[in-house]
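The form predicted on its own is given below as one chain in structure tokens.
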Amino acid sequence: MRIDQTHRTWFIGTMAGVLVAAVIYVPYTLTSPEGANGGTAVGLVYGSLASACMLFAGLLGARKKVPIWRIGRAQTWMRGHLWLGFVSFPLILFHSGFRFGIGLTRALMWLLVVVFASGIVGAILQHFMPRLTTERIPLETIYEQIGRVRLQLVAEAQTVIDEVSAALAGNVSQATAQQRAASASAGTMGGVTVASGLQVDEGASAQLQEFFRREMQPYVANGGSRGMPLADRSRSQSMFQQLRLLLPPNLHPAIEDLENICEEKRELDRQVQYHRILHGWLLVHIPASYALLLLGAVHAVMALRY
């Protein structure tokens, strides 16, 4: 994993800080009569430093909510959020003497674990997911525009269907009286159904329209299309191959256009899925972080007061 110079500086500084805190912790816990305790002077220093780190990490959300605040670069805040949030975890463990305690203290420790773990998961996802998205979805669409793009694809597919239907209808309308008579007299010969070219064109047009109405339009227009036949590439290929058998060869390029529209829709669905994976961890991380800050303040006031 490639790390740029700024990240390397933050990493070295974070590890150095944790190392210093650990070096101080060893003689502190050995010389304290009751071991490491959050109520001792050293324990309060650990707790204060950890609280300061968590407060800085929490201020990133406030800066995003108020973009007119131009205090420092956004990238610097993000890196500070990542590394100072990381260092707060061992500092809290040193503060508590690696004990989870009871009541509010125990709840705070578990909240810290949830915030820390979800933050690590988020950092990993944000490092790898954009690259994965670029590799698997070369023509990535702006996420907020995906709904509008789906509607455009539906309109494009409707245009193709209308053009094919018009071409098939043109074959019927241009038929001579003799061809119409032959079409009307088509029946069975030797137990085998005989259909004229006109009947085939009329039937193909009706089936194509029905395919668009029942299968393609709901699939392309719908955001949640999991389970639909066209969402599966192999089933989709089979369905479009059946359509090719219905139409004359000169109209096969239109079927390819429809198939490409479905493929583009599958890419949009994949992008939505990746976006949810990339941002889903925030549904856990953000509420847990705010709860940690709020309850941490209550814990600090109660500890100092009593």
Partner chain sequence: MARRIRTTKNLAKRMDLQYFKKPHPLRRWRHWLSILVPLVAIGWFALQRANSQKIYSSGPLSAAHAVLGKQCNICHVTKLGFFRAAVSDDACAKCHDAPAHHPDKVTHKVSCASCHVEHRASPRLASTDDSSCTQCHANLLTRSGSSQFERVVKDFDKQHPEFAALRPGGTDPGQIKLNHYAHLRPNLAGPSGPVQMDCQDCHRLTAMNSSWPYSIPDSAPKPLPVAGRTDADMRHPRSRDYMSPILYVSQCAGCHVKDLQFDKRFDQAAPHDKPEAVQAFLVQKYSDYFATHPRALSEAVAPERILPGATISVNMNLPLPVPRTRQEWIDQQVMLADRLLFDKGCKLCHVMIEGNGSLPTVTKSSIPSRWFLHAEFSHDSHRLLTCTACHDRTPESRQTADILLPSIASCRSCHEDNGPQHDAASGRCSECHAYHDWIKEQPSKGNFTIPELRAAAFR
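Positions refer to the first chain, counted from 1. Everything numeric in this text was worked out from a predicted model, so none of it was measured.
The same protein also exists as the form predicted together with the partner chain; that form is not shown, yet it is the one meant from here on.
Since the partner isn't included here, can you check whether the partner chain sits close to all of Gly43, Trp83 and Ala221 in the model of the complex (heavy atom within 4.5 Å for each)? The answer is no; none of Gly43, Trp83 and Ala221 reaches the partner chain.
Among Leu93, Met228, Leu153, Leu112, which has any heavy atom within 4.5 Å of the partner chain in the model of the complex? After the contact test, the surviving option is Leu153.
Region of this chain that lies against the partner chain in the model of the complex, out of 83 to 91, 99 to 107, 115 to 123, 230 to 238 [heavy atom, 4.5 Å]: Of the options, only 99 to 107 has residues within 4.5 Å of the partner.
Check Pro287 for me: does it contact the partner chain in the model of the complex (non-hydrogen atoms, 4.5 angstroms)? Flag for Pro287 set to yes.
Evaluate Glu215 for contact with the partner chain in the model of the complex, applying a 4.5 angstroms cut-off between non-hydrogen atoms, and reply yes or no. No, Glu215 sits far enough from the partner chain in the model of the complex that none of its heavy atoms falls within 4.5 Å.
Check Phe128 for me: does it contact the partner chain in the model of the complex (non-hydrogen atoms, 4.5 angstroms)? No, Phe128 is distant from the partner.
Using 4.5 Å between non-hydrogen atoms, is Asp269 touching the partner chain in the model of the complex? Because no heavy atom of Asp269 falls inside 4.5 Å of the partner chain in the model of the complex, the answer is no.
At 4.5 Å, heavy atom to heavy atom, what parts of 130 to 145 sit next to the partner chain in the model of the complex? List them in sequence order, or say none. If the 4.5 Å heavy-atom criterion is applied to the partner chain in the model of the complex, 130 to 145 yields Leu139, Thr141, Ile142, Tyr143, Glu144, Gln145.
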